[in-house]
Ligand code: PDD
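Here you get one chain, nothing else, as structure tokens; it is the form predicted alone.
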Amino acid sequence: METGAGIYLNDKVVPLAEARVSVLDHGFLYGDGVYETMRVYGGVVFMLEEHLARLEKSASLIELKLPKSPRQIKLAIFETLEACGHKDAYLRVTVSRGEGPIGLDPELCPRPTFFIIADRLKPQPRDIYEKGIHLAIVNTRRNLKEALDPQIKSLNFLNNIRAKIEAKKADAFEALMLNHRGHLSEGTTSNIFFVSEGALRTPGPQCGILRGITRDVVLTIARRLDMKVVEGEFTVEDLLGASEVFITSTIMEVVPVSRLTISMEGNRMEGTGIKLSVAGEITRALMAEYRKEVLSYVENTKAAGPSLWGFTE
């Protein structure tokens, strides 16, 4: 079978050249829609149920009715992965409000647009795990949660894009945004953790974060290892006093931070940064345990028998 990107649009798999969405789609016009990014290991979608539950929650928060049931979405995912042909893949499920006349009224769109993209997972550079990454605290603030609920994994990503632009200007791998109160929030596509005074700390939901699936897995692992875990409100000063820092995301998993800089107006640190150990004891333990968690999940899923979203060996 020829391998490449697998595309599922509305009700069927289509060739990439035929995968077209109308210019009147409200996902394109207004960012009116939701999505989920997933990672596929050995033909198994990691934490599939959790991702689909979050997709449904995101949709409900913008009063968007998903056009397919969870089982139908799983079947569509299976078909898309078969068309893709890669056992280790990147998978994105997107649902927009759909095509309709220009205007903000959701009732203008009679049918949501549903599509899935699956493609070969491009390996992350080994350096980011071995040498760590440069994280820049940027001027762009996380959207006020009272204005846009962070639990909506929305197609409107301009807030994060602005932060990413700042990170690139600072020659950083990732940006870290603060919320309107100046507390640590999250990265453009990641959650942040740090270690101080022997405890693993991470911004809580009250800080305007999206509760990442990988974040939740790491918290579960940390508690299982009897680590002291603190979710709360933290300042830049708290982070600067950390002995270890790392970020988490579905695609990158657990990535250590080895350099931290501040790129905010009035607080710019040109050419210098706070150096951290590449991966401290706690970070290393969580990186290793996360990999074990993934392998266990994949093995258990395959042991349960043929799945609608896996490949037969």
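The first residue of the shown sequence is 1; numbering continues from there. Treat the numbers as computed from the prediction; the structure is a model and nothing was measured.
Beyond the structure shown, there is the form predicted together with N-(5'-phosphopyridoxyl)-D-alanine (PDD), which is absent from this document and is the topic of what follows.
- The listed set Asn143, Thr188, Thr94, Thr140 contains one residue whose heavy atoms approach N-(5'-phosphopyridoxyl)-D-alanine (PDD) in the model of the complex to within 4.5 Å, identified as Thr188.
- Note on contacts: among Thr113, Thr214, Thr202, Asn179, the single residue with a heavy atom within 4.5 Å of N-(5'-phosphopyridoxyl)-D-alanine (PDD) in the model of the complex is Thr214.
- With the partner left out here, N-(5'-phosphopyridoxyl)-D-alanine (PDD) still marks one of 64-72, 243-251, 256-264, 24-32 in the model of the complex; by a 4.5 Å heavy atom cut-off that stretch is 243-251.
- In the model of the complex, N-(5'-phosphopyridoxyl)-D-alanine (PDD) lies within 4.5 Å of some heavy atom of Phe157.
- By the criterion of a heavy atom within 4.5 Å, Cys207 is excluded from the residues contacting N-(5'-phosphopyridoxyl)-D-alanine (PDD) in the model of the complex.
- Contact check for Ser60: no non-hydrogen atom falls within 4.5 Å of N-(5'-phosphopyridoxyl)-D-alanine (PDD) in the model of the complex.
- At the 4.5 Å threshold, heavy atoms of His183 stay clear of N-(5'-phosphopyridoxyl)-D-alanine (PDD) in the model of the complex, well away from it.
- Along 49-80, a non-hydrogen atom within 4.5 Å of N-(5'-phosphopyridoxyl)-D-alanine (PDD) in the model of the complex is carried by His51, Arg54, in order along the sequence.
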